[in-house]
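Here you get one chain, nothing else, as C-alpha cells; it is the form predicted on its own.
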Amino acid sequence: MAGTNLINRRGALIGAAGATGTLLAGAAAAAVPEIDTGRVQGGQVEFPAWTAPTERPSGGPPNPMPVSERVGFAVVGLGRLTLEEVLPAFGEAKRSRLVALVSGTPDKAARVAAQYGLRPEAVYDYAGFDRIRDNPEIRAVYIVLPNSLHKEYTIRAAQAGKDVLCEKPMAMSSAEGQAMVDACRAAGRKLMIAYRCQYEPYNREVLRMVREATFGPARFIDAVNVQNQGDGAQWRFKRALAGGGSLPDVGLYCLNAARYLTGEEPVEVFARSVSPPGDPRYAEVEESVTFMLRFPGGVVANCATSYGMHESRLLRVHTPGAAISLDGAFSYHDKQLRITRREGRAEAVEERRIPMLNQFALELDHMAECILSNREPHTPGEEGVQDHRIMEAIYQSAASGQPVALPRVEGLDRTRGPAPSS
C-alpha cells in the first residue's frame, strides 16, 4: 500500500511538474517579441532589424524555394570544376536543384550520384544524352565540358527541349557561338553563358560605383588574370579542345570585365602574344597575351593574361576622384575591395567588406529565375558571341602587330538582358 501511495504521489508530482513546465513554456513563448520570433511576409520568413542602424545588417534568412518547386538541372561533365565548385553550389542555391548527371566515366558517375543522392537512372552517358528529353525533372542543363564540346551539347540539349547554361568561353569561335544562339532560338529555349563574376557581389559593387560615377567617370581600367599552369597533358594545352591558350580561358575575364563595367563595346584593340621558346606545352596555344581596348566613351582598358605566372587576379578602375581596386576579382572565393582617395590632407584607403556569396549558386539561381519567370538571362548567348568576336580581333592584332578596328556599337549593354535581381 505504501508503495502504491508512493507511485501515486510520484505520478502526481510528475504530472504537476509537467503541467508547470507546459505553462512556463507557453508563458515564455508568449513573452518572446516578434523581433526575435520573426514573421511570414509575402511568403517569406523575415526578422525586423535587431541591431542599431550603425551595424551592418545580417542579410536575413535565405528563404529557399521548396525543393519540389526548384528548377532541376542536369550537369554535363564531371571534371574538376564540376566536382569542386558546381555540385557543392547546389547546397547553397535557393531556386535550383541537382536532378541528373552526364558523364563518360561510369564508375565516377555512379560514385558522385550516390554522394548527391541521385538515383542510378538519373545518370546519363554521352551516347544516350538525348534521353534527357524524357526526364521531366530536367528543365535545364549546365554544360561544363571542354570548349570544343560546348556547341554540340548546347544544340542537343535545346533540341531535347531543355534550357542551357553553358560555361565560358561559350565555344571555339564567334561562328560556333552564333550557331548555338540560333539553335536555342529555333528551339524556343534559353541560353545563358556562365559569366559568374557578373553575378558576384564584389564585382557588382565595382560595377555600381563605375556606372553611378561615384568618384567621377572611369578613365582607365587595369585587369590582370594570370596563373601558373602545370602538366602539359591538360586539355587546355590542346588547340582542338580549347581553341586557344590563356586568352579564352582566363584572359576572357579581363575582356568581359572591361565590357560590363563600361557597358560599351570597344572600337579598337591592340595586342601582343608571347610563349616561352622550347616549352612543348605551348606548341599549339599561347602562354601570355597583353591587350589594350579603346572604348568610344574615352575609357582605355589595359589587360594581361598568362599561363606562366604566379596566380594574380586584379581589377582596378581609375577615376578623377579615386582608385578602385578589387584583388581576387576573378577568383572563386577570397576578394578584397579598396578605395583610395583624398581625405583632407591625407590619402585615405577604405576597405569595403561585403558578405561573400557562392558565385556558382548565384548564377544557377539566376538561370532558374529566368526560366520560372520567362525572362532573358543577364548574360545570354549574345554576350558570349561578342567576346569571341573581340578575342578574334585580339589574335589578329597579336599576329599582325597592328591595331585592329572594331565596328562601333551604339548604346549600353546591347548584348545583356535585365540585371540580376539579387
Ligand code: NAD
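Since the structure is predicted, the reported quantities are computational estimates derived from the model, not experimental observations. Numbering starts at 1 and runs along the sequence shown.
There is another form of this protein, the form predicted in complex with ligand NAD, and it is not shown here; the text below is about that form.
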message = Just checking whether residue 287 would be counted as a contact of ligand NAD in the model of the complex - the rule being heavy atoms within 4.5 angstroms.
response = no
ask   = Is there a non-hydrogen atom of residue 81 within 4.5 angstroms of a non-hydrogen atom of ligand NAD in the model of the complex?
value = yes
ask   = Using heavy atoms and a 4.5 Å limit, would one call residue 241 a contact residue for ligand NAD in the model of the complex?
value = yes
message = in the model of the complex, does residue 149 come within 4.5 Å of ligand NAD, counting heavy atoms only?
response = yes
query = So which of 207-215, 176-184, 114-122, 241-249 is the stretch with heavy atoms within 4.5 Å of ligand NAD in the model of the complex?
reply = 241-249
query = Does every residue of 222, 272 and 317 put a non-hydrogen atom within 4.5 angstroms of ligand NAD in the model of the complex?
reply = no
note = In this chain shown alone, the residue from 71, 132, 145, 226 with a heavy atom within 4.5 Å of ligand NAD in the model of the complex is 145
ask   = Here the chain is shown alone; which of 338, 294, 341, 108 has a heavy atom within 4.5 Å of ligand NAD in the model of the complex?
value = 108
request  = Scan 164-181 and write down, in order along the chain, each residue with a heavy atom lying within 4.5 Å of ligand NAD in the model of the complex.
outcome  = 167, 168, 169
